[in-house]
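Next comes just one chain, in structure tokens: the form predicted on its own.
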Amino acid sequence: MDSINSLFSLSGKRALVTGASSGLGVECAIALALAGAGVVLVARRADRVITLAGELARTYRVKVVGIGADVTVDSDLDRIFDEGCAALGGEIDILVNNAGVSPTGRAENLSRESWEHALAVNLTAPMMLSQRFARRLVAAKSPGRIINMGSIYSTVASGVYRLSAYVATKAALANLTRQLAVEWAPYGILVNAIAPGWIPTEATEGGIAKPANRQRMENFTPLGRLGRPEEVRGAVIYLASPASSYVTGAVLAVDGGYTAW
């Protein structure tokens, strides 16, 4: 690794990103395509990922395919790997578990349905996807990378919104990241997570638009500002690339210092 290209290039790699129809999922897909990887975009909104796939393919001249699927449905998980690998011409090397939900409301009033849906999307789906990914790579005797999208609320509680289900699942995902890193290290499968801070996206812009909320978020952030969506791209490329070849079981904060105090 004696050049920038050899450190960070993903040329020849194949990646799969869930929750790729908006927000940070789109940024993850852009980062991977920018670095030269072929990308499978997965989301329930098939029209969006199909449109984005065309845009990324034209812009970055890599293979990109959009697949409509629900990450809480086992048959869909099997299908996206089969269709994705066929479209890109080989096994997936990089899995980005980004799909997530964040139900809000007082903990004492949170419905069981909301709680279980958060578990299904934020925790069970990453596990089921990671299992399928690892099995295929172990069978092929190939290394790989898993990047889980965590949160600042993987390690701290929310002082802005009532997010009991979200913070519970993101904390669990952080420790699942560590456990899978330990178990799959012998196979060359590196497992890490990114923990973003407050970044305006389609999912968060409604709450951020309220001046009192935005002020609170900025006051809690040492850099004194919200993040920009594109600021997660470097972390994605780093964790997917040869530059992080000795990094596994880590949770990389991209939060303006939010969790530093």
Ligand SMILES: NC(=O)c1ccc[n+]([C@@H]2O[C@H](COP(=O)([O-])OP(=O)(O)OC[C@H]3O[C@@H](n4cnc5c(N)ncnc54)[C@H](OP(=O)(O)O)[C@@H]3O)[C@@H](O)[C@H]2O)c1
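Since the structure is predicted, the reported quantities are computational estimates derived from the model, not experimental observations. Residues carry their position along the shown sequence, with the first being 1.
The next section is about a form of this same protein that is not shown, the form predicted in complex with the ligand.
The ligand is not shown here, and in the predicted bound form it never comes within 4.5 Å of any heavy atom of Ser244. Taking the partner from the other structure, the ligand in the predicted bound form has no heavy atom within 4.5 Å of any heavy atom of Arg225. Among residues of the shown chain, Trp184 is not one whose heavy atoms approach the ligand to within 4.5 Å in the predicted bound form. When the ligand is considered in the predicted bound form, Val121 lines it closely, a heavy atom lying within 4.5 Å. Annotation: in the predicted bound form, residues Lys13, Gly38 and Gly84 none come within 4.5 Å of the ligand through any heavy atom.
Contact with the ligand, judged by heavy atoms within 4.5 Å in the predicted bound form, is confined among 135-143, 162-170, 106-114, 85-93 to 162-170.
Of all the residues from 77-106, those having a non-hydrogen atom no more than 4.5 Å from the ligand in the predicted bound form are Asn98, Ala99, Gly100, Val101.
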